[in-house]
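Shown here is one chain on its own, the form predicted alone, set out as structure tokens.
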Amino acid sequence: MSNASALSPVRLKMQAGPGQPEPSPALEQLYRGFEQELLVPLWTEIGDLMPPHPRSKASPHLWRWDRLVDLASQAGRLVPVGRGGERRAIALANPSLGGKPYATPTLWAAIQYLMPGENAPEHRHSQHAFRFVVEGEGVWTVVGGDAVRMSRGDFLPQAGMNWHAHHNAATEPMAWIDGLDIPFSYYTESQFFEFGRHQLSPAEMTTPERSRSERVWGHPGLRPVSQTEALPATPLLAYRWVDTDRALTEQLALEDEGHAVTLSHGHAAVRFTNPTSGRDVLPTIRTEMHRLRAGGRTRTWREVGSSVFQVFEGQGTVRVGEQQWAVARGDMFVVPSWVPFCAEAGADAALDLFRFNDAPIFEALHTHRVQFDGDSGAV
């Protein structure tokens, strides 16, 4: 058996067309020679390799929160948490990505569910991660021995290779969403994972109102003089909803007073940032909260890179490419790379959207581009 056949070689098709050679026995022989040596000529593939704009393998898709919670609750009764499975986390699988547990080609999103009194054991991994809480409280995540309260609206980032565990100190189950760069790490073959302790120490199984990280870094505009290094990921482990809500409310109030501080009319937005550098909280993931006034609408935009949204509060309508959905609290949806997106709040209340995407990756590669309302420039 030849090397080529053992390695499942590509099969080249001869076809006439603009810029293509005319089929002939000599060309057929040339192409078979390419196959045997595992070679692919650019002229047969350029349309797929270098299209005029990004063509995402992912599809726009919507997951309903009530259905996610119902299935997570069933899993809570049937599936234990412990070594082997590690987490009761249920990933969103984009219907166009071949059954892989990926929301987009670079982003992993899941609902995680912890029953009363349960502990998710300690581990660490090179993938960057966060937790976002759309409802409930009572779980503490313990990162490097620092117990961090998780409550509605809180955003909790965690850089790669940090030991972490979770414990539910409440009498009710709790669900939240996880976001990680698992697909990106997988495709780049850069992933590491290690098991930690099965049980935390009694000192770590506490329920403080404020974590150590918040006591050091959770003061807006202030940083300890002793901490001068710009870190690649945020050392602040909890961004509280009370602060996010206030920032969005003040943006819209200032707009009413005639100050241009919103993203567009009636559309306030804030980005979670690293207090040591002002950059994104994680090297591969950007996270934001958007608020639309009742009846308000975003501009239509598209960008290089993919996004996952979750409705935090309110109702409205979102359009992703040719898809349009009515959405409500907790619903999650995907916006693939270079697919147009816009959202509109219902007439009776504001619409709050939590968003995460992979923009830091493409900015680092100098390939990020955003287009608003038909404009062609990069933003």
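These figures come from a predicted structure and were not determined experimentally. The numbering used is simple: start at 1 and walk along the sequence shown.
The form predicted in complex with a small molecule exists for this protein as well; it is not shown, and the discussion that follows is about that form.
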Looking at 175-183, 248-256, 73-81, 146-154, which stretch has residues with any non-hydrogen atom within 4.5 Å of the small molecule in the model of the complex? 175-183
Please state whether all three residues 267, 293 and 318 have a non-hydrogen atom within 4.5 angstroms of the small molecule in the model of the complex. no
Just one of 87, 223, 212, 271 has a heavy atom within 4.5 angstroms of the small molecule in the model of the complex, so which one? 87
Answer key: of 240, 297, 123, 279, within 4.5 Å of the small molecule in the model of the complex (heavy atoms) is 123
Give a yes/no on whether residue 236 approaches the small molecule to within 4.5 Å in the model of the complex, heavy atoms considered. no
Given that the partner is absent here, does residue 289 sit within 4.5 Å of the small molecule in the model of the complex, heavy atoms only? no
Could you confirm whether residue 108 comes within 4.5 Å of the small molecule in the model of the complex, counting heavy atoms only? yes
Heavy atom of residue 112 within 4.5 Å of the small molecule in the model of the complex: yes
